[in-house]
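Before any questions on binding or motion, here is one chain by itself as structure tokens, the form predicted on its own.
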Amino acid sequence: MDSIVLKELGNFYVRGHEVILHDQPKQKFVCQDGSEQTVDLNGQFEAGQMYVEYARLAEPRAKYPLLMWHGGGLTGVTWGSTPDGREGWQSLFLRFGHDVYVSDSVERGRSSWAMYPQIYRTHPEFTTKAACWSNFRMGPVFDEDHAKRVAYKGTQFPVEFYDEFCKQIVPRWRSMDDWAQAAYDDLVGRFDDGCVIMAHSQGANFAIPAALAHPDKVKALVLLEPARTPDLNTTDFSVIKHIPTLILWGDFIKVPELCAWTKAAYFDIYPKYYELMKGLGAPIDWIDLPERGITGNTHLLMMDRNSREVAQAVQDWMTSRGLMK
């Protein structure tokens, strides 16, 4: 594949605001050496910020920068090296010729998080390995005994590295989605010449509203196993009917133990969205990878053993939609 010749690596924060707390009780801690330390939680804090890192090519071949948005309980690590150490999509799409911007959503990863309930409205939600096994379609049986776990036959996920993957899982605050949406909208608004959004799972919950907020800035949407859409009955989607959109799904979806959110997204929400946008004349495409002969993919398409092949399918779609120079 092509070499990566970079012009610039960098990072920045989007949004964030000052919060001042008063009347918080002082806390005393005993240090390892036996001494006492008092911590005063009254004062000024920053909250609501989103971390973004970027890699800009010396000679990009894509017309627009590519923004990579992760899913629920995850961070921008989604797009880095795979759990078994192969090249990740951040690097692959640089090779394909895209400037790449990877973000950690508000309340995730390097964006940091704030006290609750003083600043965030609720306590965080934590995700077990068992829940991830089900939600990400690893297999029909999870067990605390590693030897008793059953993966789907033909799975492309490197299940021997499943525990390594689980190190990526972080707390999430569903109650702070409005702050996250504001940050994503702000990020898109910074690209005067336009951008392409690649959103995985929960990331699509923010990507479509960001396009609705900036229909002139979003030049394409790549929705990888998306979770939700804005309300299909009350939202005016005609403002984004010009935006090329790819909806892409992996394998093992028609299994009896399919988790509820995937079932709703694949069999109800997104078929309706697809038909609605087609009715508006939108350039929208739906790809089921098994129908393309690409089989064994989990919800973590960018980490499966055939992740390079899946990335190439996405890149081919972007080329066909005129997004390359």
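This one's a predicted model, so the numbers in the text were calculated from it and none came from an experiment. We number the residues from 1 along the sequence you see. Basically, rigid core = biggest C-alpha set you can superpose within 1.5 Å across the two forms.
Omitted from view is the form predicted in complex with a further copy of the same chain, to which the following refers.
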| property | result |
| --- | --- |
| Arg15 within 4.5 Å of a further copy of the same chain in the predicted complex, heavy atoms | yes |
| Non-hydrogen atom contact Glu144 with a further copy of the same chain in the predicted complex at 4.5 angstroms | yes |
| Asn11 within 4.5 Å of a further copy of the same chain in the predicted complex, heavy atoms | yes |
| Partner contact for Glu53 in the predicted complex: a further copy of the same chain, 4.5 angstroms, heavy atom | yes |
| Stretch in contact, per heavy atom within 4.5 angstroms of a further copy of the same chain in the predicted complex, of 243-251, 225-233, 96-104, 151-159 | 96-104 |
| Contacts with a further copy of the same chain in the predicted complex, stretch 194-216 (heavy atom within 4.5 Å) | none |
| Cα displacement of Val30 between the shown form and the other one reaching 2 Å, rigid core superposed | yes |
